[in-house]
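Presented as structure tokens, the chain that follows is alone, the form predicted on its own.
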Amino acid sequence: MYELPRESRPLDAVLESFERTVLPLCKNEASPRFLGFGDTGDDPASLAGGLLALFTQQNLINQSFDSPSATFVEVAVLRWLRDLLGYANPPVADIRTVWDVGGMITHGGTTSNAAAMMLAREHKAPETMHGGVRNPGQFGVIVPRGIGHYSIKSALTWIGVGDQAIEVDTHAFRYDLARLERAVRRHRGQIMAVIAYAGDSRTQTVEHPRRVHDVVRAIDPRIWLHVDACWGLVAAFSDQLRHLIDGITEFDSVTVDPHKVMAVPYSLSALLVRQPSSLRTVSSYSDLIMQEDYAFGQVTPFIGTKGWLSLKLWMMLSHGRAGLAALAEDRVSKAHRFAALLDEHPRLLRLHEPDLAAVAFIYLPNDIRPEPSLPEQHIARINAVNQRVHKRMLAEGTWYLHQFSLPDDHARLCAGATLYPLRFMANNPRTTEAHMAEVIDYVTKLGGDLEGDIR
């Protein structure tokens, strides 16, 4: 880091400085050895869309003069996403305002989830947006314990209702439905929303949306139901995978993140709603810029000036349904192949059944055998070794796998224990089975080298 230059510098010098000092330290998610997070973001059509969006400098806060054609590209993208999930779309001829579209494009899943919580708040207590929160106790939100995404709790604080997350125990990384039912009954009248994860952010296990819907609606049909499908969107692409999200269109809102599952470069998310008119409850108006039928500035909370994010996805969707299905099926197949390789290895233990593209696993020291009720000291040692493995991996920079805390929800080692596994992601088309075998050998060698230091 250095101070702001006093004199101007020619572009060639700036580029040379970037190439020499910044670029070598950037991550490269397109590398077949980067196996731990997100997407490659390098679909050629999507990259072209990103460049064209920069060059054309459209602002989707307004339509008539800021984005005469870009607005309608965004409308098309939102309709396509709704169609993929199974939400009903009105005929094109009936789209006369942004209130008929049923969604919004945002910069990321956190913003989309925050907007969903605003919708839930207004559904629970209309006009809170204008009159303020008067009874905080009615804005509880049910989330699954240990696997919920931070964005929901953060959103509750941002929209002024306070951190009122009600955590419900899970089994196999899905709601324990009996406990969910008890929680909804116990807190009846105090719940504004129930959150389900179609692909949680740790194991990408897909909740059973229809079962959650049926449990909640049978007790209180007024509760807002929201699905975080930032990862699970990929299941909508393929007839082979669509059963995983059965019932998702019964939910009031769904967050999806194309930048996580469609090789779209950062950033691009969308919030979709079952009833398009519900977006009016969180609208904003100004006689300066937003009183037009097609001004998306009215329906994107937290966002004013807004670049043409959707063009990247509009271009990528040229792959069509067949291309999207192939993308999804290849990733899930690759995750299952990696899981099979893990299962063949005596020192590595898989912690869940892969639904989508993620496989979390743990290295076991040579003197510890996997049993469903290991003592606390063994769990501590397993975690310490795996955290050391991840730290060494980062230092060496040859491979990358993600790491985070994870409840042992399948009781592989000890029910209720918190583990620190490594996670493989199958999102990179360049990653081959040879790479999978190599990273398994790499982790095994690191674990063997490091476990002796931890007793």
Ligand SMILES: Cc1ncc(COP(=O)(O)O)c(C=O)c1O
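The structure presented is a predicted model; accordingly, all values stated were derived computationally and were not measured. So that there is no doubt, residue numbering starts at 1 and follows the sequence shown.
Here the subject shifts to the form predicted in complex with this ligand, a form of this protein not shown in this document.
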| item | value |
| --- | --- |
| Contact residue in the predicted bound form, chosen from F296, F361, Y197, F338 - any heavy atom within 4.5 Å of this ligand | Y197 |
| Interface residue in the predicted bound form among P301, G109, P354, G140, criterion: non-hydrogen atom within 4.5 angstroms of this ligand | G109 |
| Contact test in the predicted bound form: C230 vs this ligand, heavy atoms, 4.5 Å | yes |
| N113, heavy atom within 4.5 angstroms of this ligand in the predicted bound form | yes |
| Residue contact check: D257 to this ligand in the predicted bound form, 4.5 Å heavy atom | yes |
| Touches this ligand in the predicted bound form: Q240 (any heavy atom, 4.5 Å) | no |
| Partner-facing stretch of 306 to 314, 246 to 254, 326 to 334, 222 to 230, counted where any non-hydrogen atom is within 4.5 angstroms of this ligand in the predicted bound form | 222 to 230 |
| Sequence-ordered list of residues in 144 to 169 near this ligand in the predicted bound form, where near means a heavy atom within 4.5 Å | H149, S151 |
